[in-house]
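Before any questions on how it binds or moves, here is one chain, the form predicted on its own, in structure tokens.
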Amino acid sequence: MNERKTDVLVVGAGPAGLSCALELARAGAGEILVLDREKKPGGVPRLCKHQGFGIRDLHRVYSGPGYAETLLKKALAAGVQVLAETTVTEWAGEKRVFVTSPRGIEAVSARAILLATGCRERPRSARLIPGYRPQGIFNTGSLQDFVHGYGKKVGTRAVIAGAELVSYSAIHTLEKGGCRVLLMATEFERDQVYFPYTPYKWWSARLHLGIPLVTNTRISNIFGKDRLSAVELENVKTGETRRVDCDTLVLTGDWIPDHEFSRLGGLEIDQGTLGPAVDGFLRTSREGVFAAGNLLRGAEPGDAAALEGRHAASSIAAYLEKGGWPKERVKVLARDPLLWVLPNFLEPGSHVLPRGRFLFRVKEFVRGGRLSVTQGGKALFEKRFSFLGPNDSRSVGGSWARDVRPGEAVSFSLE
């Protein structure tokens, strides 16, 4: 077995991983090795033909493939080594892993590791949709790969499950593939597309194609043995059902971090985000192992993940230079109806945070809520929000985090 050593190993060549590697290379942090299991690096953006990528990190507007290619070229030009079709399969020590590729099985040791494996949409099985298993059922990623990657047609009449931003991207992919969208269905009371993307939603689905949105509705059954022939829609409030004839179903959104390798390493997993629990420096519970990007909580735009990768790079560079790992961390708790808060831990006395702020999401729509942050009954921070919705990350500043004391957890609550 080949044995390879590097200064920093980055697992995942999406926006977070490539951006972190690029910053480390520019900072002279030594040899940087990026591994990705796909045939072509770049992450999810390489499958997204629409515009809108790179605004916050590169300050230009790119298509998804153009954005992915730009990040890859910048990283390679800076001296980063990027290996595609290379899957990290097993931990072989604190900072040593086994990888499998067309070259065979290798062991890779590093002084520091960044996990940036991204996220995925929940499949049908995780959504507990009964019925047959016919052809014609996709998630957005497989749909984009099928249409944009292989130039294939998927069907003629489609139903889209979900009404997040990615759901509206699926509309354009289906249109390019020659498939008419009959309707979109969401279990929530309205769509989950918010400013500044609202005009895009109305143009793409309502004005351009006239696609109806059915709210408070889920897919409750699937019909067709060889090829999808229909789906059953169920109103989640009344239980009323109806059948819609179609030959294509796209299950969009409902993201979950690609956290299997994190779990294999025994990293602590946050029960709200379902990703590795990290502090403000993006340090996990395992010394020398960092995590960034959509692995931490499901989908955010690519440029947001890239900026988080840059933050991870500064933390990794400091670790390579000075060493050390926090001996005591304070847990950050998210109280219902909050779904999660990121980061999940704080180092007492430190207010270093990714992009200088906390992110949080709610489980349901909240109108007129007051966010409170407390520790041991002491108020640390408070802010009012006129409107909060699911599948939308909101942020608050974190300068108050310097007042956090060792011991009791910090609690985020919404009233």
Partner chain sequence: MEPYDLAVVGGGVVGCAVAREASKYELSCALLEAKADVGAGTSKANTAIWHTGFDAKTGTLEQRLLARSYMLLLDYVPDRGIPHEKTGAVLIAWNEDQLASLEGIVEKAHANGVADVRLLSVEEVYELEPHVNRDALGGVMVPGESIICPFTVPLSYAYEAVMNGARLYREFPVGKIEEDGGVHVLSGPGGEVKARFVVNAAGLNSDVIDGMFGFDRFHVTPRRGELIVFDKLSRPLVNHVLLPVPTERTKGVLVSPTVFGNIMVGPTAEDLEDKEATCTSKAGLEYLWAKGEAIVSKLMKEEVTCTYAGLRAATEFKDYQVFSHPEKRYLCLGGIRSTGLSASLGIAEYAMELLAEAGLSLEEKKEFRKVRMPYIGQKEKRPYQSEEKIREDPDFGRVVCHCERVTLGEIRRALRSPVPPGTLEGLKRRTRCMQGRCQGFYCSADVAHVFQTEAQKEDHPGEASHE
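What you are looking at is a predicted structure, and each value in this text was computed from that prediction instead of being measured. Positions refer to the first chain, counted from 1.
Just so it is clear, the following notes concern the form predicted in complex with its partner chain, a form of the same protein that is not shown.
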Candidate stretches 298 to 306, 82 to 90, 341 to 349, 194 to 202, one within 4.5 Å of its partner chain in the predicted bound form by heavy atom: 82 to 90
Heavy atom of E287 within 4.5 Å of its partner chain in the predicted bound form: no
Distance check, E328 to its partner chain in the predicted bound form, heavy atom within 4.5 Å: no
Partner contact for I105 in the predicted bound form: its partner chain, 4.5 angstroms, heavy atom: yes
Touches its partner chain in the predicted bound form: K152 (any heavy atom, 4.5 Å): yes
Candidate site E189, F385 and G397: all three near its partner chain in the predicted bound form by heavy atom within 4.5 Å: no
The unique member of R263, K176, R335, K74 whose heavy atoms fall within 4.5 Å of its partner chain in the predicted bound form: R263
Contact residue in the predicted bound form, from T156, N216, Q135, S109 (heavy atom within 4.5 Å of its partner chain): Q135
Stretch 237 to 258: residues contacting its partner chain in the predicted bound form, 4.5 Å heavy atom cut-off: I256, D258
